[in-house]
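A single chain comes next, written as structure tokens; it is the form predicted on its own.
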Amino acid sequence: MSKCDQCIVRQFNSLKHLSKEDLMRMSNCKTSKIIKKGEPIFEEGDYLNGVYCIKDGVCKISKMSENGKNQIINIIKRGDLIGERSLISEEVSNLNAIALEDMEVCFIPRDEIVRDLEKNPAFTMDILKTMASSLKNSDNLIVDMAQKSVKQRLAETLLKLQTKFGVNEIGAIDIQLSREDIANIIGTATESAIRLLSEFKKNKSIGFKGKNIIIINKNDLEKIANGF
């Protein structure tokens, strides 16, 4: 098991504010595990009682509606922390975290994190900023669902995915999402997402190589996302 003070991914999240001594203490109480593609890290109704640090891989954070539709709230990548709300609230999780590819995650118990929250202002502020950013993204999602068309949301999503994950060696967005996952991000039926992707391809805004999506004309997508 790798030591937290020697782990490069901590530089991407709030753990960068902890001292070497605190990280060594954390290493002695954390647990690491492999999550296979399609398996949950946690599910709605689970008591998290701690946070997960994503050492490798990508997962989707989603919420199941009362009518059985799945809405993807966020895509979480290497270096991110998830489950921060469990540090403050003792309520069960209202979200699902499902691996989109094989992952390695570390679980840090709540008591260990709370100890650092109480004595390290920089760490506490960074955790709060992360939670505030998540709330802002949720607010934006609500507004987008209410005011933007499905076509606008798809264009915006493709642009955001490329910004977040970059491109691979063939110039495609460096994350593979199923058409169902894309539909669940933009809040529509899978058939509608497939039809719009085909329309974007026909207009030469995007291209496909297998399951990979290549943005060909970024300006076109930006215009669509802005309602032009």
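Note that the structure is predicted; figures quoted are calculated from it, not measured. So that there is no doubt, residue numbering starts at 1 and follows the sequence shown.
Just so it is clear, the following notes concern the form predicted together with another copy of the chain, a form of the same protein that is not shown.
Q) Is Lys55 a contact residue for another copy of the chain in the model of the complex, using a 4.5 Å heavy atom cut-off? A) Although another copy of the chain is absent here, Lys55 would stay clear of it in the model of the complex, with no heavy atoms inside 4.5 Å.
**Q.** 4.5 Å heavy atom contact, Arg85 and another copy of the chain in the model of the complex
**A.** The answer is yes: Arg85 has a heavy atom within 4.5 Å of another copy of the chain.
Q) Does Ser192 make contact with another copy of the chain in the model of the complex, using a 4.5 Å heavy atom cut-off? A) Because no heavy atom of Ser192 falls inside 4.5 Å of another copy of the chain in the model of the complex, the answer is no.
Q | Contact test in the model of the complex: Gly50 vs another copy of the chain, heavy atoms, 4.5 Å | A | Gly50: no contact with another copy of the chain in the model of the complex.
Q) Of 164 to 172, 195 to 203, 28 to 36, 63 to 71, which is the one stretch near another copy of the chain in the model of the complex, taking non-hydrogen atoms within 4.5 angstroms as near? A) Heavy-atom contact with the partner occurs in 63 to 71.
Q. Relative to another copy of the chain in the model of the complex, which residues of 104 to 129 have a heavy atom no more than 4.5 Å away?
A. Sequence-ordered list: Leu117, Thr124, Met125, Ile127, Leu128, Lys129.
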